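Encoded as structure tokens, the following chain is the form predicted alone, with no partner shown.
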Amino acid sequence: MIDIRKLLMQYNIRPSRIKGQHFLINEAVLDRIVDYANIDGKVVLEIGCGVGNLTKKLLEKADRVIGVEIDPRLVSILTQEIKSDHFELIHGDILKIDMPEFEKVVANIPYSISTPLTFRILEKEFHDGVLMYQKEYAKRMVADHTDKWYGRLSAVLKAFAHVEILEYVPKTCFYPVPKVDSAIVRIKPVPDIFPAHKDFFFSMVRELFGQRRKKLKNSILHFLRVYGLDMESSTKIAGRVFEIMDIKDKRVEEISVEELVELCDTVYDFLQEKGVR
């Protein structure tokens, strides 16, 4: 185990004063993360470097590591502890900085920003990523429409990437010990069912899952009205959609991601015909 407590005391930092930080201290898990990432000769983005225990292992195999850390006290530790020409440290908020170019992303991310951070990563072109999430959140990430965990997060992720849980990590592998267990997740962008109109897909999926208990014949009408169409136009477009797809009596949580992508692209095309788009 890595003695994080001793290192923090050396720099006069109390773990309780580092909000939301739980440092991964299990050497075997750290080694497996690096192995999962397969980073030999690659440019790696590490989000939330902490005290650099994972960073040092990444530098042993990566061509270059770009680290992002928001906490100035941890930036001070990283500056002192990591001396490598292959390491670039950015002091800033990953949700606000200009994202650098990278091939792989590896991180023990702050769980409080899991959703915005994941979606921000997917805006970039990269090969794949290995990231640590809260266990329950990871289950939502990989769920399909036959699973109780399925929701907007699952649908959006599956439309843009292949997501898999590599292993679960008990909370005892962290210091300070958090209240929840974690999971190591691989995210690999894939174009297999990529929506034709990304921004429209995001907005329509958000509205449909906001009406998840309604049947699609009602929730699509609601979306079209919110979108600015009158009832007559909304009814006509919904009718044409259901001529193509036999889903009107289903709820959004009951259709597959492939069907959801087809639905959003079809609605977009009909709106474009009417000159709305």
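The first residue of the shown sequence is 1; numbering continues from there. Everything numeric in this text was worked out from a predicted model, so none of it was measured.
This next part talks about the form predicted together with a small molecule, which is not shown.
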{"property": "Listed range touching the small molecule, judged in the predicted complex by heavy atoms within 4.5 Å, from 233-241, 66-74, 219-227, 248-256", "result": "66-74"}
{"property": "Heavy atom distance at most 4.5 Å to the small molecule in the predicted complex, all of Pro116, Gly151 and Ala155", "result": "no"}
{"property": "Pro178, heavy atom within 4.5 angstroms of the small molecule in the predicted complex", "result": "no"}
{"property": "Contact label in the predicted complex: Asp93 to the small molecule, heavy atom within 4.5 Å", "result": "yes"}
{"property": "Cys49, heavy atom within 4.5 angstroms of the small molecule in the predicted complex", "result": "yes"}
{"property": "Contact of Gln211 with the small molecule in the predicted complex (heavy atom, 4.5 Å)", "result": "no"}
